[in-house]
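In the block that follows, a single chain appears as structure tokens, in the form predicted on its own.
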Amino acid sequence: MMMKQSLGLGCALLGAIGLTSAADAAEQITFVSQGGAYQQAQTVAILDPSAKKLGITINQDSIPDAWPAIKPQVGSGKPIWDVVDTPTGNCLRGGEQGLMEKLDFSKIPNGAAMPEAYRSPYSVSYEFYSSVLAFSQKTFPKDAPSSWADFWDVKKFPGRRALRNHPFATLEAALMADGVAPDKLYPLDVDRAFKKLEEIKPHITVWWTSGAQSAQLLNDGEVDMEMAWNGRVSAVAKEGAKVSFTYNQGILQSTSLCILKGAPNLGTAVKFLNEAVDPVHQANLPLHIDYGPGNPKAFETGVIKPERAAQLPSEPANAAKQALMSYAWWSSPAGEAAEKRWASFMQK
């Protein structure tokens, strides 16, 4: 009798386990990122290990800029995507417009342990990159420009210059060139920044519009110094170009993960969000691409060797030299007004 009961209980447990496994196997999310080498790297470093550990399926989608597609998806009441990897400002702006789920960090302990500046009610930092001052080592074999004040100093550092045709980071660089400390930038003094930009505008050879273009400008020797993303400069340097950059007064920027309002797999998406910022998964990312981990605890795992860590924008010593971009300010009415003002500045 006892054996029958035990056997029956065992069958019931096996059945329950089988049902649970079936349910777990059915758990899935749709994750969207920016494609290319970046998405390939995160697939190997973060997505595949997370899917295996959680026993879920991660369906992937790619789009260069997810923001224009988010509002119609959520507005339809039946969004397709669950988790989006997008510039942090989009997560904040989406949260304010009711397009993103508010995060319960009690269910995201890896995110809760990150610095407050690296998360918001709607997002958690996923990876870091930096807008840096890059230069030609042929033009400047020694005594290279090392600050935005140097970039603005056309007499001491003559040469062709390029800046990004976008106010993000460019206004911050102008203010640092005018003497504002990296940790005192916000709220941005927009009038002061545009006034300083007027000084350098006649000396800008190219206002670049894509990371690929900025890399090409340096690689082909079309400019002697420019603002560029650190990963782009590193890439052309690895290919043999005589170029370098400094993290001094760089502008540290991030993409973040956020969840669409009404996501079809909300519970699984929250579990994934926590797993995606696990320190070990995060430490794996810079082994495959020149981006820094969003979770600073990644540098404590021992996965990233010291010589590699020294190259990354979010490594603590490098981060300390830079300004952390305030996406909260850029998504505020003042930030949106500054973005609109940029167009008229460029048209003058």
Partner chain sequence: MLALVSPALLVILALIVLPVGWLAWQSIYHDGFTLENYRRVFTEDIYWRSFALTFEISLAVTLIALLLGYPVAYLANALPKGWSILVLALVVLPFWTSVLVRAYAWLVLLQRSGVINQLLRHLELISEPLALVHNSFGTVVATVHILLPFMVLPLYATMQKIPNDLMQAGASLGASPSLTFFRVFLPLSLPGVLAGCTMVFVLCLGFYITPELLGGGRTVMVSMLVSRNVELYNQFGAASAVAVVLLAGVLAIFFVVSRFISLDRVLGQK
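Residue numbers count along the first chain shown, from 1. Note that the coordinates shown come from a computational prediction; the quantities given were computed from them, not determined experimentally.
Missing here is the form predicted in complex with its partner chain; even so, the following discussion is about that form.
**Student:** Just one stretch in 38-46, 299-307, 60-68, 276-284 has heavy atoms within 4.5 Å of its partner chain in the predicted complex, so which one is it?
**Tutor:** Contact-bearing stretch, as computed: 60-68.
**Student:** So in the predicted complex, does any heavy atom of Ala263 sit within 4.5 Å of its partner chain?
**Tutor:** Looking in the predicted complex, residue contacts with its partner chain do not include Ala263, since no heavy atom lies within 4.5 Å.
**Student:** Taking its partner chain as it sits in the predicted complex, is Pro72 in contact with it (heavy atom to heavy atom, 4.5 Å or less)?
**Tutor:** Looking in the predicted complex, residue contacts with its partner chain include Pro72, since a heavy atom lies within 4.5 Å.
**Student:** Spell out, yes or no, whether the shortest heavy atom distance between Ser146 and its partner chain in the predicted complex is within 4.5 Å.
**Tutor:** No.
**Student:** Does Val206 reach its partner chain in the predicted complex if we count a contact as any heavy atom within 4.5 Å?
**Tutor:** Result yes; Val206 sits at the interface with its partner chain in the predicted complex.
**Student:** Are all three of Leu217, Glu222 and Ala343 close to its partner chain in the predicted complex, meaning a heavy atom of each within 4.5 Å?
**Tutor:** The answer is yes: all three residues contact the partner (heavy atom, 4.5 Å cut-off).
**Student:** Name the residue from Arg160, Arg119, Lys196, Lys271 that puts a heavy atom within 4.5 Å of its partner chain in the predicted complex.
**Tutor:** Answer to the contact question: Arg160.
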